[in-house]
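Below you will find one chain, with nothing else, as structure tokens; this is the form predicted alone, and questions on how it binds or moves follow later.
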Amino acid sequence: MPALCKPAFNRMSAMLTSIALMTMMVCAVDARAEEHDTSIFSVSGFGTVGFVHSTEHQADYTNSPWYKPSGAGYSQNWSGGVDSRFALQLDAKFTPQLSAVVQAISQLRYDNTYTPSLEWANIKYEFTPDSSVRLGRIVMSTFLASDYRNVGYAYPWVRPPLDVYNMMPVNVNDGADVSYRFHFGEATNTIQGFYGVDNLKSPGTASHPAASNNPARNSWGVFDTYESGPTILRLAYQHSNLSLDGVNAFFDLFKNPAFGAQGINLANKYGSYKVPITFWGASASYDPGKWFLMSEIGQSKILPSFMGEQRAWYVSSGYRTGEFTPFVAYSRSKKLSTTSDPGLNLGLVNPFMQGYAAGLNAGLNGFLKPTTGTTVTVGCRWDIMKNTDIKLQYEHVTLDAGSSGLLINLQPGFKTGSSFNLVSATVDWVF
């Protein structure tokens, strides 16, 4: 087996092992339900097996730069860890008002394994057919495809446009949400509010090799969704207090006594200790059946930390002809805040520490560089049989001047502001 293929093969083998274990667990639950002659439980699931190739070999492309340690490009010529996943879901209907859901998903994680984790785990009580409350782990409805973002079969692309969908790192809530649906003739308007916490896990860095805990506290938000026939309109707002432990480990280096007050000021300015992060977004979709048109725009604000303020949007359309759905998309992201800082004044630093200080300044501006650009996408979905599709997708990514985009694991030979191509192929299914 070629050396470049071994990491992907080993990771896919690990995921298949996880799939087998999850399947046996759910089958045991389902068998117990049948043994007691009850129908309160139902089991479903979904999966994707996919590979992506990047022409940028000095960095990794991934669909989740916040949480995944590797991807396509530098680490692997063809990566199966970007899009491949498998999930099983157990639903329970205890009474007409009381229900519960548990969903376990196996996909590439921060620790480079496919260990299953809980994506959904909550109980729901419906006061009326139009009002309900949920308690537990809930995926937040930030974007049009948030509720089914991991279900590749549910949308036309290989993956939702990442310029928009990676703007908000906090997308799961451990807490409560309430919703109420209004009716206007055949149209409905659903207002949903939530409050809770989360603890994100991200891969280690050079300055902080251990995996990082990134607690999000006091998370709250409101989502408003209007639906009328083929039209969906959505407004979203959410807020969290976020800390990025791995990033803070780097900025704490500026607190070295040798740098005095200027170092402490920089650490406090750009560190992310309980920094407020806010997001607003607007979405629209029109899908009469034969074709579709959708667009989303969002703006995130994480000040005064290094991440700053950013805006992104996309527009996408496709046409269904028989089993085939060719589609196109265009996305754009732009950073709205400062992207450089002079850092430590080397003239005020002891000569023996100036080299170290210069390295910290370079690292600081590495964090501050923009992560923006444009992506042009063309592809086709082929529904080969019931509940199964094959997708092929080509993307051309052009980075802004000085930008590294959403790439990770940047190597010394990487050039900011460059462009690269992506080729993706996936098989999606639901059951």
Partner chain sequence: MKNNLSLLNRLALAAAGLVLSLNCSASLADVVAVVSAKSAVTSLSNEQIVNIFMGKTTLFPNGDRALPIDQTEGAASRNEFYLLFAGKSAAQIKASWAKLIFTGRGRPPKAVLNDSEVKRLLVENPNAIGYIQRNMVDDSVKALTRD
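Numbering follows the first chain given and starts at 1. Keep in mind it's a predicted model, so treat the numbers as computed, not measured.
One more form of this protein, predicted in complex with the partner chain, exists but is not displayed; see below.
Exercise for the section: Answer with yes or no whether R134 is in contact with the partner chain in the model of the complex, where contact means some heavy atom within 4.5 Å. Expected result: Output for R134 is yes: heavy atoms within 4.5 Å of the partner chain.
Practice task
Determine whether any heavy atom of L293 comes within 4.5 Å of a heavy atom of the partner chain in the model of the complex, and answer yes or no.
Solution key: No, L293 stays farther than 4.5 Å from the partner chain in the model of the complex.
Handout entry: Any non-hydrogen atom of Q103 within 4.5 angstroms of the partner chain in the model of the complex
Key = Contact with the partner chain, yes.
Practice task
May I ask you to check whether Y153 falls inside a 4.5 Å heavy atom distance of the partner chain in the model of the complex?
Solution key: Although the partner chain is absent here, Y153 would touch it in the model of the complex, with heavy atoms inside 4.5 Å.
Problem - Which of 60-68, 379-387, 359-367, 394-402 sits within 4.5 Å of the partner chain in the model of the complex, heavy atom basis - result: Going through the listed ranges, the match is 379-387.
Handout entry: Answer option from P288, G193, P276, G355, heavy atom within 4.5 Å of the partner chain in the model of the complex
Key = Checked against the cut-off, the match is P288.
Practice task
Just give me the single entry in K255, K124, K301, H239 that has a non-hydrogen atom within 4.5 angstroms of the partner chain in the model of the complex.
Solution key: None of the other options qualify; the answer is K124.
Exercise for the section: Would you check whether the partner chain, in the model of the complex, lies within 4.5 angstroms of a non-hydrogen atom from each of Y148, H183 and G229? Expected result: Judged in the model of the complex, Y148, H183 and G229 all sit within 4.5 Å of the partner chain.
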